[in-house]
Every structure is written in structure tokens, then in C-alpha cells.
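Given as C-alpha cells, the chain that follows is alone and in the form predicted alone.
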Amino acid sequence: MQGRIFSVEEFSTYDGPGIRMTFFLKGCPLRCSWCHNPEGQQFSTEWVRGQNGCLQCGACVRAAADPNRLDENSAAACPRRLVRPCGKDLTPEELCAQVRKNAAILNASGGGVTFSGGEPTAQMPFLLACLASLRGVTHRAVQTAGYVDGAQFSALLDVCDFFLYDLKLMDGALHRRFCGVDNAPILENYRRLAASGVPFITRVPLIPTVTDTRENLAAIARFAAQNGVRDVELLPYNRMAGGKYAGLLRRYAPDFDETVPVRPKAECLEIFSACGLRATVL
């Protein structure tokens, strides 16, 4: 068994409690209009061009077999050697060996390992194997949008210590429009998680005119409160989200007006406070 990773962050402080080692798994069934990790969407290994220091000479594109996709020929042609493969295959044993090497430092801070993406549940057998192997080694967390079969999610609950769970849009039609999939499985798995007793934090991205509307934030607040949740983290829109697309020869084209300011922080906090929730803007 192997899993495909597109990035590893060895000392993260935003992916769960304490200092974390975060593995970003390739592949995601969602297509969020604001996605800031486009290199995590596809399961396949891709070739990515670094933007810092790029001469814009076009040699990488001219050398590629497909002008819309970089490849190994692009890497050889780049005078600055900025084209690299994105997607490394690891066995659970190889990944867990990396974690064990840092476990003492992670544990001393109250941290551990986090699996993110992409969508880590899209590589569920690999994810379950890694989490099971790390039981008792360090604290285990998964950052997920929850779009996965209910039985598989229930299996995940048995081997994970903590979840960072994204709620984006409560309206099903809007979720399909902006995220590409129905949100029914996401909401059902959220209920499973809340009932399981496994600790988790709810995260809500604040996307201008899309998720940060008063109607959507109030609906999320009511839903979270109904499931016994009291704390929510709000993630401001990253206006540099489109920076990675050029490295994949893709254009960032969000289905919303990103120039509109995000709803003021005070208003967002008030919406959640009205439902008895404590919200924190990261």
C-alpha cells in the first residue's frame, strides 16, 4: 500500500493543538471555487513550476509534450531548475518513520501529526493504516471536509484523536455550485462526529459574498449549536489563493467577486455569539 503526498510541513502551529507535523495528501473530490491548494486536487503526480525567480522565458512550456501541462521535459528545459514533480509515494511505514523521528519534539509541545490535503479521506485505506500505526506514538489529527461514505467515516473515528472539520455552505444548491458536490454527506458525518465524543474544531472559510453572508453564517451557527458545538474557527479569505495556479499552467477563476471585502470581523463574531457559540478569527 502507498499513499501520495504533495507536501510536508514539519513544524506547523495552525493544524491542531501544539506543534504539528502535517502531511498533505493528494486528491480531492471537491472543487471549491476558492481552493488555494490546486496541486492537491488531482490524484496523479503533476509537474509544478516555482514562481520565485522564474524568467518567464517559456522554455518549460515549449519543451512539454502537452502545452497545457508541464512534464519531465519541462524540468530539463528550465534554466533555473524551477520545475519539480509534485506527488511523492510513501508506504504507511515510511510516513510513520518520519513521524516517529520527530515524535519527542511534537509530544513535548502537546502536538502531534495532522493529515490534510487535498482531502485526506480520499486516500482512506492509506490514511487508516497510518493513523492505526501511530496509535500511542503521538496525537493524531485529520483536517477534512467530511465528504466520504458514512461507514468509512465511522472507521476513521476509531483511529483519530482530533478533527479539524470544514463547514463551508449550508445550502445544498450553493454548495454544489461553489464546491462541486452535494453537502448531505458532509452534514451527516458532522453529526456522527459530534455524537462520537471525539474532540474536534469546526472551521469556516470566510469567502466574500459566498460563505460570509449573514444567512450562511447564521445557518452554520444554528447547525453547530444543535449538535452541541460551542467553539468555531473562522478563516479569512486568502487573497493570494490564486498564486499557485500559474505554476500548474492553470488560471485562477473564482466564481465570485474576490474584490468585495469580507464581512467585518465583529459582525461574524456577533452572528455566532447570538447562537451561543464562541468564534475565533484566525
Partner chain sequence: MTERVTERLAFLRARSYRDTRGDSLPTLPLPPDECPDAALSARLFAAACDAEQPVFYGEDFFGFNRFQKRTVRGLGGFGNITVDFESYLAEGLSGVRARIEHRLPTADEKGRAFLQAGLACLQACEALAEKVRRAAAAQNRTALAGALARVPMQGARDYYEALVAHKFLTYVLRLNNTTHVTFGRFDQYMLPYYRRSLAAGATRDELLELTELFFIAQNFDTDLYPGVQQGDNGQSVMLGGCDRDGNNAYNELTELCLDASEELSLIDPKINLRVDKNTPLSVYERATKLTKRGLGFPQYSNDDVVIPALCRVGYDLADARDYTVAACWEFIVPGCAADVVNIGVMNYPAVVARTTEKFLASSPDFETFLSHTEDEMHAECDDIIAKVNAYQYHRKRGAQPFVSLFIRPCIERGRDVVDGGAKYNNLGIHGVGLSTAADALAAIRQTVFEEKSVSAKALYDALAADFEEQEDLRERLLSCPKMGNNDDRADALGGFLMDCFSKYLNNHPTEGGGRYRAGTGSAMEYIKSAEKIGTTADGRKAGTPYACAFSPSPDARVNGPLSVIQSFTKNNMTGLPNGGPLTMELHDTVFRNEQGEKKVAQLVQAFIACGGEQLQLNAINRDRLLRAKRDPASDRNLIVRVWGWSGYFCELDPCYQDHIIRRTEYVFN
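None of these values were measured; they are calculated from a predicted model. Residue numbers count along the first chain shown, from 1.
Below, we turn to the form predicted in complex with its partner chain, even though it does not appear here.
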| property | result |
| --- | --- |
| Non-hydrogen atom contact residue 9 with its partner chain in the predicted bound form at 4.5 angstroms | yes |
| is_contact(residue 102, its partner chain) in the predicted bound form, heavy atom dist at most 4.5 Å | yes |
| Heavy atom of residue 135 within 4.5 Å of its partner chain in the predicted bound form | no |
| Its partner chain contact in the predicted bound form: residue 73, any heavy atom under 4.5 Å | no |
| Partner-facing stretch of 121 to 129, 172 to 180, 138 to 146, 105 to 113, counted where any non-hydrogen atom is within 4.5 angstroms of its partner chain in the predicted bound form | 105 to 113 |
| Heavy atom distance at most 4.5 Å to its partner chain in the predicted bound form, all of 37, 254 and 258 | no |
| Interface residue in the predicted bound form among 44, 52, 56, 68, criterion: non-hydrogen atom within 4.5 angstroms of its partner chain | 52 |
| Its partner chain in the predicted bound form - contacting residues of 18 to 50, heavy atom within 4.5 Å | 18, 19 |
